[in-house]
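As structure tokens, the next two blocks hold two forms of the same chain, structure 1 and structure 2.
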Structure 1
Amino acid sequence: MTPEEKLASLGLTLPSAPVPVANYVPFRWAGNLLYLSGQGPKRTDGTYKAGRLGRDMTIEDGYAEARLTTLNMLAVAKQALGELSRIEAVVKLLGMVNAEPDFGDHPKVINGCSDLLVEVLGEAGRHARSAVGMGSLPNRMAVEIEAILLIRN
């Protein structure tokens, strides 16, 4: 089953990849490494839900925000690669959570990304990661996640 077929079997659809609107781009190559710009849980209407763990968002909802963010990341990867099966490995994630100072369950939130990556990509989806707490995030969104992908020759 290709990653695209796996997504469909999970009832998930990749959104359109973002159009660059500034002097930065959604992805950049360095040899066979593909760097993805940080993505967030953007809805299909282009908006973000504001949320801060430990204040006004539950871990369950944070997990869902991370899962949605992952669809946005996979959309960018697909735009760069054509086929998601070209991903040899998700090397590294930086999973950033908008949270109160005494929140400590960032890993449970970022699992919303890690779990989906392995569901869709299998072993290629396993990755090194850091799950950490941010002072704030763009659009007051709950999570932002960036990734480095290793692409097959």
Structure 2
Amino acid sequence: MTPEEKLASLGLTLPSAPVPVANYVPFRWAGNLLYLSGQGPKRTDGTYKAGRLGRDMTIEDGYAEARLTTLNMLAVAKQALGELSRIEAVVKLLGMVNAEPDFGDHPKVINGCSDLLVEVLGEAGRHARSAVGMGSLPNRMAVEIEAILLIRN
């Protein structure tokens, strides 16, 4: 099953790839590595659910926001690659969580991304990862995630 077929079997569809809102590109090539700029949980209507983990959002809310962020990341990857089956491996993720200072469950939030990548890409979706807390994120969004992907020739 291709990653696109796997997404469909999960009842998920990729949104249109988000358009950068500043002076940067959504992805950059370096040899066989594809670097994806940080993405957030942008909804199809262009809005974000504002909130901080440990104040406005539960771990479950953050997990769902990380899953939505992953769909946006995969949309950018598909834009760059044409098909997601070209992803040989997700090398590294950086997951940033908009959280209260005493919040300590950042990894549980970013698991929303990690779990979906493995569901869609199988072993190729397993990755090294950092999950860190931030004092704020753009648009007051709950999570932002960037990725480095190894791509098949």
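Residue indices: 1-based, along structure 1. Between two forms, the rigid core is the largest collection of C-alphas that superpose within 1.5 Å. Since the structure is predicted, the reported quantities are computational estimates derived from the model, not experimental observations.
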| property | result |
| --- | --- |
| Correct structure when looking for the form predicted on its own | 2 |
| Residue 138 C-alpha moves between structure 1 and structure 2 by 2 Å or more, core aligned | no |
| Per-residue CA shift, residue 22 (Å; core superposed between structure 1 and structure 2) | 3.4 |
